[in-house]
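Next up is one chain by itself, shown in structure tokens, the form predicted on its own.
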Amino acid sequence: MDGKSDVKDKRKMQYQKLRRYFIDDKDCREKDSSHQTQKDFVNDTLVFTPYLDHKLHNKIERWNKKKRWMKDPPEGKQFKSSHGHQNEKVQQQKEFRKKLDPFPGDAPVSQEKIKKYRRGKKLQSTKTRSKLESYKLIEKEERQSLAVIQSARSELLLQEEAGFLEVEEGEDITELTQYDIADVVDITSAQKFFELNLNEFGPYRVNYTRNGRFLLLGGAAGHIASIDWLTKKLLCEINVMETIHDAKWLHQETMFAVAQKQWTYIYDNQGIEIHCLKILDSVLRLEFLPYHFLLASSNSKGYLSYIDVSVGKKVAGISTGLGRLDVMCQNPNNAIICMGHPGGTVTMWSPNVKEPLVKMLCHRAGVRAIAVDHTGQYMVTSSIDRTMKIWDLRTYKIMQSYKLGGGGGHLAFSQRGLIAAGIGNIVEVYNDCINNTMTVPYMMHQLQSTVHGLQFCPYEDVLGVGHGAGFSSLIIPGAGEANYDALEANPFQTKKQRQEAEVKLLLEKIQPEMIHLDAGRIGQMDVKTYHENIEKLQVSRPNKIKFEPKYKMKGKSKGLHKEHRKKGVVEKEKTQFIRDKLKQKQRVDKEKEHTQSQTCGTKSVLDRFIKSAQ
């Protein structure tokens, strides 16, 4: 009975739902209340009263017809809603979905752009220790490849474009002066050309920060000034009352190092002395390695020193034995220090080796200036013999040789491959002179006095020149990168961003042991040393002993007892192996002593010096 009553309740609910859904008018409801429904559950069907059955049937037929028309309307007709207006929105959506995309998928990216942003070759996932590590490596490579494609695709969104200055036929580009360029360009660019007249404390050494926002000036007569050169705001200005040989920014614009007459000092951006590095005396040139936090210095006694400024510790000190070291620069790609010498040679140094890694004979006369581009592939040198040579550091072969009007005392590479040379009181800039031979410089500018320092401002088309009469900021179109990476160097960073960048640099600090001539070999395996270690392990380790104890009665063959017996046999074999090795070593030592005594003949008092030397 319970089962039948449940079926009846279900049928009643179904009927009530149908009646509410399909019967809307009052007349039907009134008639529905006056007529009684008939139920027949014999064949599991619900039988309505004749009037209601006909009414519901018509309603259901109309509703089904309406649904068919909505899904697939006949040709030339459109579905009309109950309100009487055409459902145009539904039709438009259907037509839009039916249209095929003429350019399916993501927009294609050229392989040249992808190659520009790619970072080396992919790693092989088959050489991992476990499947989990291989899956992780595959996911990492996929993320990197996606980042490369997105970087190449987002290049369209970059705001600035790089370009060089071009003139019409028959015009000489060298006749264009800085005043002509400043009159033509916009107001913001015109303000980048300015001159500071500082006649009393020159000549000046110049240095820009890594983001190109701040400028440091160091006069030979003791004047030091740090400037936000874009806004022309003076950060600090002091006079140390001592000769200054060089000045360099450290990892941030909050500190800078100054090589003074006797020692090297570190100041903050307010001009307050923080440290006095007495271990760096008589320094002539300074170079700061930002990723290693190393301050490299060369002095007048031929001594090269490395100081870790993050901990204040001396990392290395090398006596070159090559005389006065007043020509020095760094390779930004691998942090190798390059130095020029009076004999025409150029040497390359690392803090891990006491001897030069490379020694090149570049000129027949003394080297006056060196510069290396940011890719670490090309090096330019100038000499007293008025020659400027460009070298390929991958093959150490000469690419171009130019004859200058005088000895190039200072050289500088820009981010876009331009080369600036300071010849007396004239600054010459050369464009595309590495792969092609140029006969005329790209730009020229004459100063009031002799050039004493050159540097291109990063991410700006500006060349900073320090000379005896002060400082000059020159506009060089196409010199700097048009767009900057804010995660690497942000010229408009806030105080909070600067603090976070400093912490990140310290966390990602590279140890001095990682400095190598070939930066690509750091992640590779030293195959020779690996094979030697494997051979030593194979010789020093005894062979594996396969010993299975015999079965014994009375519980003596239990698991623990068997393991104890195995261990005893293995230990016994190991001790015997070690004894044999010691005996063999003693025998070899005796044979060496016997051969040495035969070669030496009669013993002498000086034999002890021979043994110590060996």
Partner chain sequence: MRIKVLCRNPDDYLRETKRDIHRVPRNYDPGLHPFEANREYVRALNATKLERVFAKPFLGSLDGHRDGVHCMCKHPRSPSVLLSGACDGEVRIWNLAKKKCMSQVQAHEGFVQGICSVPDGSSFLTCGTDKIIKQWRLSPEGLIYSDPVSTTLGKTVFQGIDHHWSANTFATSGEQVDIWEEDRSEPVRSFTWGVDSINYIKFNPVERHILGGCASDRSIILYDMRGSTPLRKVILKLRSNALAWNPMEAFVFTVANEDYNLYTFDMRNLAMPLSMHMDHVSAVMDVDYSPTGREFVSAGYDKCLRIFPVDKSHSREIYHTKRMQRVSVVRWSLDNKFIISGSDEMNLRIWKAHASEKLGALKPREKTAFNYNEKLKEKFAHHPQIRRIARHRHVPKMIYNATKELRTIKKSQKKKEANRRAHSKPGTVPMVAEKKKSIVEDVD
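Positions refer to the first chain, counted from 1. If you're wondering where the values come from, they're calculated on a predicted model, not measured in any experiment. Take the two forms, superpose them, and find the largest set of C-alpha atoms that agree within 1.5 Å; that set is the rigid core.
Beyond what is shown, the protein has a form predicted in complex with the partner chain; the following relates to that form.
Residue 410 falls outside the set of residues with a heavy atom inside 4.5 Å of the partner chain in the predicted complex. Contact check for residue 480: a non-hydrogen atom falls within 4.5 Å of the partner chain in the predicted complex. Although the partner is absent here, residue 103 lies well away from the partner chain in the predicted complex, with no heavy atom inside 4.5 Å. Though the partner is left out of this view, residue 252 does not reach within 4.5 Å of the partner chain in the predicted complex, counting heavy atoms only.
Stretch 511-519 is the answer when you ask which of 240-248, 276-284, 511-519, 219-227 has residues with heavy atoms within 4.5 Å of the partner chain in the predicted complex. Checking 188, 110, 92, 197 against the partner chain in the predicted complex, a heavy atom within 4.5 Å turns up for just one residue: 188. Proximity to the partner chain in the predicted complex, defined as a heavy atom within 4.5 Å, holds among 499, 151, 377, 269 only for 151. Shown without its partner, the chain has 459, 460, 461, 475, 477, 480, 481, 482, 483, 484, 485, 486, 487, 488, 492 in segment 454-492 as residues with a non-hydrogen atom within 4.5 angstroms of the partner chain in the predicted complex.
Once both forms are overlaid on the rigid core, the distance between the two CA positions of residue 140 between the shown form and the other one is 2 angstroms or more. Residue 451 is not among the residues whose C-alpha shifts by 2 Å or more between the shown form and the other one once the rigid core is aligned; its shift stays under 2 Å.
After superposition on the rigid core, the Cα of residue 157 moves by 2 Å or more between the shown form and the other one.
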